[in-house]
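Take a look at this single chain, the form predicted on its own, given in structure tokens.
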Amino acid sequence: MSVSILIVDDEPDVADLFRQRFRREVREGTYVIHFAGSGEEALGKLADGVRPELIVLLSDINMPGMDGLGLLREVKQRHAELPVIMVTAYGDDERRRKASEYGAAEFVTKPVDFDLLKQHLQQLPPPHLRAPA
């Protein structure tokens, strides 16, 4: 059974990188990868419903408009049970503290260690086993 991952990043090359690094998992039907170029676009996709069922949202922190921390806060208000992994080029303690305070499941620093990220994804509970909000 496939599950979805929503990746939020304003850099277009990030989508290409994720497509390349998850090519095998997508081909095998493990994951369906969705992309949003902004926090606002991501909230729109969540409101419309992502299919197959969304297992995790990965968001960059530094984006124009709504940044990743703002998106994290909105997502947790609307979909408290949805795991959110924050991805950033900046690994400073203040961002980590805020991401943790706002409910981030993980905090990943760029360049992304895709093997480690895939391990994190495999440890996430299936959507039907999550505690309701």
Partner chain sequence: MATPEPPTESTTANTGVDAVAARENELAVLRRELNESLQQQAATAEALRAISRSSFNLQKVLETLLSAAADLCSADNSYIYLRHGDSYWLAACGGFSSDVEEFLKQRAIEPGRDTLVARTALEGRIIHIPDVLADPEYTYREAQSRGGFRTVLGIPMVRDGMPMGVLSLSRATVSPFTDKQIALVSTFADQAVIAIHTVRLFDEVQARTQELEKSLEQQTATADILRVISQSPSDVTPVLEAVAEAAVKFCGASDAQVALRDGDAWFVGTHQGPVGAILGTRRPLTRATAPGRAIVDATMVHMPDLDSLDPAEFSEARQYGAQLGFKAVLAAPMLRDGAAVGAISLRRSTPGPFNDRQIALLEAFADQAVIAVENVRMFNETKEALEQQTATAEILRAISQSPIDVQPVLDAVVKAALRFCGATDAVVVLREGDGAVFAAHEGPLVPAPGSSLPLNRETAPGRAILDGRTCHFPDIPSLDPVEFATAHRLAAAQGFRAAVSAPLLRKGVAIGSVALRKAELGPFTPRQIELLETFAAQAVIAIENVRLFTELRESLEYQTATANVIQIISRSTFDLEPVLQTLADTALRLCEAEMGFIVRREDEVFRVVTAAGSTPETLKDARDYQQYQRAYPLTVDRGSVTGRIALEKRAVQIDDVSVDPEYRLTQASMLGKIRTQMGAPLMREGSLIGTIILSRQKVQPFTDRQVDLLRTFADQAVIAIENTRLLTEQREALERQTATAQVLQVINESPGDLTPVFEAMLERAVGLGEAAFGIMNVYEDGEFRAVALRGVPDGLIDQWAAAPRPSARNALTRMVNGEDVVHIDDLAAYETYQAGDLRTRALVEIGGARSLLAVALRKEGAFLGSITVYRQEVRPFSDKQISLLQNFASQGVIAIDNARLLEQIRQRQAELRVTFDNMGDGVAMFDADLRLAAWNRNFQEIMGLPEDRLAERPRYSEYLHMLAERGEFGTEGIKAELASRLENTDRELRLERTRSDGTVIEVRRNAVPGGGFVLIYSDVTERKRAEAEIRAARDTAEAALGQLKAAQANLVQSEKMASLGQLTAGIAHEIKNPLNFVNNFAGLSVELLAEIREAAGPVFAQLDQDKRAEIDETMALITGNLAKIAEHGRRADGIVKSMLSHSRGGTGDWQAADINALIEEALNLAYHGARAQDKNFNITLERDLGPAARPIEVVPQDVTRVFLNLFGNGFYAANKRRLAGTEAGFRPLLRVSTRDLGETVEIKVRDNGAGIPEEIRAKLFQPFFTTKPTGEGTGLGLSISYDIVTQQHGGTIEVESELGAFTEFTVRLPRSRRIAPAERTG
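Positions refer to the first chain, counted from 1. Just so we're clear, the structure is a prediction, and the values are computed from it rather than from any experiment.
The same protein has a further form, the form predicted together with the partner chain, not shown here; the description that follows concerns it.
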## Note on the structure
Answer among 100-108, 75-83, 24-32, 43-51 for heavy atoms within 4.5 Å of the partner chain in the predicted complex: the stretch 24-32
### Task
Answer for residue 20 alone: is it within 4.5 Å of the partner chain in the predicted complex, judged on heavy atom distances?
yes
### Query
For residue 124, is any heavy atom within 4.5 Å of the partner chain in the predicted complex, or not?
no
### Message
Test of understanding: in the predicted complex, would residue 117 fall inside 4.5 Å of the partner chain by heavy atoms?
### Response
no
### Summary
In sequence order, the residues of 56-72 that place a heavy atom within 4.5 Å of the partner chain in the predicted complex are none
